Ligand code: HEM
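One chain comes next, on its own, written as structure tokens: the form predicted on its own.
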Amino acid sequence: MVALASHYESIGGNPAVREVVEHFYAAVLDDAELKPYFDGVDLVRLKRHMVMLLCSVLGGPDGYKGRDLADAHRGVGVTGEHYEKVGGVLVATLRDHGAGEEIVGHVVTALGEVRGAVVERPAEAAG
């Protein structure tokens, strides 16, 4: 019996995840609305944690060992609108790197599960 590949293996393992994270942060930091969230942030450390987190979400061999997401984002003031925008950038980046819709759907589900730990301010009503 052949074991099915994890999402982590299907996407190309750690090298592919690192590449996705690099392109993801390049796109996020290029966005004038999102860039201020990262002022003064140690991007090398943040990228390393994001690689670990994404590897974990995708079923990689090592679990996430970073700070609790709620603790890491407390006081940052992430809005619901900006959380959705960042999630959209991640989804687009995954697709750009050849991730299939099953993998993308899995990541979208994970984003939904941790949304409450990251978002501090709901999206503002239009008007």
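We number the residues from 1 along the sequence you see. Remember, it's a predicted structure, so these values are computed and weren't measured experimentally.
One more form of this protein should be noted, the form predicted in complex with the named molecule, which is absent from this view; the next part is about it.
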Each of 38, 49 and 72 within 4.5 Å of the named molecule in the model of the complex, by any heavy atom, yes or no? yes
Within 4.5 Å, heavy atoms only: does residue 111 come near the named molecule in the model of the complex? yes
In the model of the complex, does residue 66 have a heavy atom within 4.5 Å of the named molecule? yes
Does residue 86 reach the named molecule in the model of the complex if we count a contact as any heavy atom within 4.5 Å? yes
Contact test in the model of the complex: residue 27 vs the named molecule, heavy atoms, 4.5 Å: no
